[in-house]
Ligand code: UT7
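This document opens with one chain alone, in structure tokens, the form predicted on its own.
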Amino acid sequence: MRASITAIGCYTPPKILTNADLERMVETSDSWIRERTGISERHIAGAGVASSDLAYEACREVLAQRGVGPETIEAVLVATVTPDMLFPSTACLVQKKVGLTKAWGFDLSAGCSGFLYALITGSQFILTGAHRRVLVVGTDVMSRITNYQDRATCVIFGDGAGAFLLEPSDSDAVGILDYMHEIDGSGGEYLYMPAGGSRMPPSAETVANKMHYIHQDGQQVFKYAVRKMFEISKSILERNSLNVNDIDVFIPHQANRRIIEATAERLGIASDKVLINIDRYGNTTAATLPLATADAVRCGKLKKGSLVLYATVGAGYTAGAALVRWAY
């Protein structure tokens, strides 16, 4: 028995922030942003809209797509780095909003790798036979921790949510086939939010010094992401006696178009097998993989029986890859 993805739900806020909008906010240009990131626009949550609100919409869609009630869900795992609050967990808030009356759950923080980590964690409950329906959610409101005076980061991030439903597969040939995860804490200093935790709690000084926003060393992150997404993808293929010709679609974390293209080129994956949608969403952190997967289904790249390679790198550093045989 394997854990199989049986439905997808996604949600992005209606407000769109274009590159032209950013030109009026900070010293940048549409051509500069496109050339360096591949992004044209990103969705931004309205005032008072939190990660649990986006997650609620994604969960409603995934349940409707599968045609099952919220009471049938036994566990909910929420990947996020922008929780509504430190506690209670966003999973608790989602459980209440969606009406998952028989589910338990928790939050998982792994930066941009969060959704893949939550997906694999959720699959273990299916594999052990502990649960038959697990909801895995990635949701982030990155605009809340983005400094719109910092042109190096404000052009990158957007808001969104996505959810997968996991259920037991009818066949060992279908579902999540394998995964590889790594962390490298030495990279923590290159992508982080300095204040707000127990080491540096909020104060007038931390707010004045803009320490509750994303801080990133773009060059270091870029180099690590290209190298590690290539290495971990190559390793998981070799472990399963596969090559890139066996892959039907490559769905990487959507951090930067140049990172995606450089990784795909090093792997030797044909460009028509690579899903890129960063131009419309930006980097939505834990939501990028479900948003990209939904687009892969819609455009016909991903269909029943397709072999999918997921790859991701995030703050920490975190890295992951997974092979999935698509179920529907």
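Predicted model, so just to flag it, every value in this text is computed and none were measured. The first residue of the sequence shown is number 1, and the count goes up from there.
The form predicted in complex with the ligand exists for this protein as well; it is not shown, and the discussion that follows is about that form.
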At 4.5 Å between heavy atoms, only one of the stretches 69-77, 203-211, 95-103, 216-224 reaches the ligand in the model of the complex; which one is it?
216-224
So in the model of the complex, are C112, V155 and N256 all sitting within 4.5 Å of the ligand, heavy atoms only?
yes
Ok, T28, N277, S40, Q65: which has a heavy atom sitting within 4.5 Å of the ligand in the model of the complex?
T28
Answer key: of H181, R151, R144, K234, within 4.5 Å of the ligand in the model of the complex (heavy atoms) is R151
According to a 4.5 angstroms non-hydrogen atom cut-off, is R266 in contact with the ligand in the model of the complex?
no
With the cut-off set at 4.5 Å between non-hydrogen atoms, does V313 touch the ligand in the model of the complex?
yes
Decide whether N283 counts as a contact residue for the ligand in the model of the complex under a heavy atom distance cut-off of 4.5 Å.
yes
Flag R34 as yes or no: does it have a non-hydrogen atom within 4.5 angstroms of any non-hydrogen atom of the ligand in the model of the complex?
no
